[in-house]
Structures are given as C-alpha cells and as structure tokens.
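Shown next as structure tokens: one chain only, the form predicted alone.
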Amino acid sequence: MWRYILRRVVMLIPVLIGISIFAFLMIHLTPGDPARLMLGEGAPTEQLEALRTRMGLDQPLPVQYVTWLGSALQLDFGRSLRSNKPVILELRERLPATIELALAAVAIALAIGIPVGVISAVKPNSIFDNVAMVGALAGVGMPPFWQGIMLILIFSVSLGWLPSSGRMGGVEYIILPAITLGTAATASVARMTRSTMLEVLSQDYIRTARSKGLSRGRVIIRHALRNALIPVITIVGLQFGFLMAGAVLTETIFAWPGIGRMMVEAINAKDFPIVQGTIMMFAVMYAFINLVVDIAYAFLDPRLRTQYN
C-alpha cells in the first residue's frame, strides 16, 4: 500500500511543476509591461521601477521563476497590490468560506444523487427513472449563473424566504449558493450511481445472494451498493475539486466572501500576486483531493494495490 501511495505522490510532482510554470508565466504572457498593467498607464517611472524591483521583474526569466518557486514553496506568494497584505493571509481569510460552500454542495450531491441513482437502477425504465435521468441531464447542462439568478428571483425576491447574498453565519445564507454549486455534481453522482448499480446488479454474486433468500433491501444496500460506490467515490473527489474552482461564478453571484470572488476581484484589479497564489492553491488542493480519492479507491479495491507490488 505504501508503494502505491508513494507512486501516486511522485506522479503529482510534474503536474504541480507544470501548473507553477503556467501561474508564473501568466504575468509575462499578458501583452505590455506587467508593472504598468498593475499600476496603470499614468504611474510615475519611480513607482514602476520600484514595483519591478520588488517583484524581481528586472531579473532574467529563469531566475525569476526559480526565485518565485522557492518563495511559493514557503507559502510566500508576495503581497497584494491592493491591500499590501501578504497573499497567504488573504487566502487564509477567504478559504474557510469556499471550503464551507464546497462541502455543502457535496453534501447535497450525495444526499440526493445516491438515493436517486439507486432507485433508478432498481426500477430501470420506470417513470421515476425516466424523470430522474432527464432531470440529471438538465442539471449537468444548466448554466450556474442562470440557475443562481433564477433562485434569487424566486426564493429571495418573490417569496422572500432566503437571503440573496452574503455570509452572516446562519444556515439560510448557504442554501441557495450550495444548491447552485451542487446541482451539476448531484446530476453526475446520480447518473454514475445508476450506471454502476445496473452493472453490479447483473453480477453473479448478486444472483447468489438472492438465491440464499436474503431480503431485497439487504442485497441492494449491503452487496450491490457497497461495490457500486467505488467509482462514485472517484466522481465525488473530482467533483469536489471542480466545486472548489467552480465556486468563482457562484460566489460572485451570491456575494459569497470566498476565494473565487476574491480571484474575480483580483483579475479586475490586475492584482497578479493574488491570482498567482489562488491558482497555485487551487492546484495543490485539487491534487491533494485526487490523491485522497486514489488512496480511498485502493482501500476499497485491493486489485489496485496488488498491481504495484
């Protein structure tokens, strides 16, 4: 098992290096002088030169990258050009809100997606199955910004049941953003659960369990669902990573004070240190989530472990 984990960790290194190169070059791929883009066309020459020196823009490009990467490994992404606060502090302040929203969206996806997928597989081609799969297809294709606006108009403006923006601490503030962010994940989990359940239910060991006189519920929950959830775990892990990155639109629509909204504000303000730090943080979190999913997958399916021994 440790050999499998070590191999997965080593495989992450080139991915993270590639993303770090992209994040570093982002500021140099933008047309024009990076310092002038950050400070504006009317900035005095002294301020431009001071910013170039502070960010190391006067050094050769390979030297800049090595210096920046060394600082990034120490969680030093520089200072925000707007607030002059360390980027890592800005990220630390906004990260809890984004994680809270992503976890709420995943909880919704699991609570709805798995039962819907199981029922659809147990009753294939039924009215429930057809309606559920059409709804799942609509959920996958529904634009989050449109859905968020519709939810605000219905539940905040028309009915007045839920707040339309902010994060004041009450659970009512997270309901609409979590539904908006978790709709596509719910649809994906439901479809994957149905697909894997249909495959598992046709296996010989399921027929054997039924022939032993086990109740239908025990066969479905204890034997079929347990094995069908293995691919679903992968989907959930990938979806959580997508939710962290996809929170950009949702947080902007609902004025949720997370990292996604901060990144949009930083892009508009040309605050490149914030953007670079955010990209690297998302990349590391996404890689870590995938590593956890791979390890969990290996625990559930020993065949993955033995192929590396």
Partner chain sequence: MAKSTLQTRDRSKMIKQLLRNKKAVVGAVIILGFALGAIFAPFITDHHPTHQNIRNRLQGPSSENYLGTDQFGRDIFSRILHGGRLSLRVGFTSVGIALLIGGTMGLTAGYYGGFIDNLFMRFVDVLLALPGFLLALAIVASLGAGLENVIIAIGIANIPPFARMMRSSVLTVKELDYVAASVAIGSSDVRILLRHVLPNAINPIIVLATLGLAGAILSAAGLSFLGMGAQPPTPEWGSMIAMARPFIRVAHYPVTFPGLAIFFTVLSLNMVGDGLRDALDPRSSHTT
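Remember, it's a predicted structure, so these values are computed and weren't measured experimentally. Numbering follows the first chain given and starts at 1.
Beyond what is shown, the protein has a form predicted in complex with the partner chain; the following relates to that form.
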{"query": "Candidate stretches 153-161, 114-122, 200-208, 82-90, one within 4.5 Å of the partner chain in the model of the complex by heavy atom", "finding": "153-161"}
{"query": "Listed residue that, although the partner chain is not shown, lies within 4.5 Å of it in the model of the complex (heavy atoms), from Gly141, Gly213, Gly170, Gly217", "finding": "Gly141"}
{"query": "4.5 Å heavy atom contact, Leu137 and the partner chain in the model of the complex", "finding": "yes"}
{"query": "Touches the partner chain in the model of the complex: Ala283 (any heavy atom, 4.5 Å)", "finding": "yes"}
{"query": "Non-hydrogen atom contact Val264 with the partner chain in the model of the complex at 4.5 angstroms", "finding": "yes"}
{"query": "4.5 angstroms heavy atom contact with the partner chain in the model of the complex for Met26", "finding": "yes"}
{"query": "Within 4.5 Å of the partner chain in the model of the complex, all of Ser195, Gly241 and Ile279 (non-hydrogen atom)", "finding": "yes"}
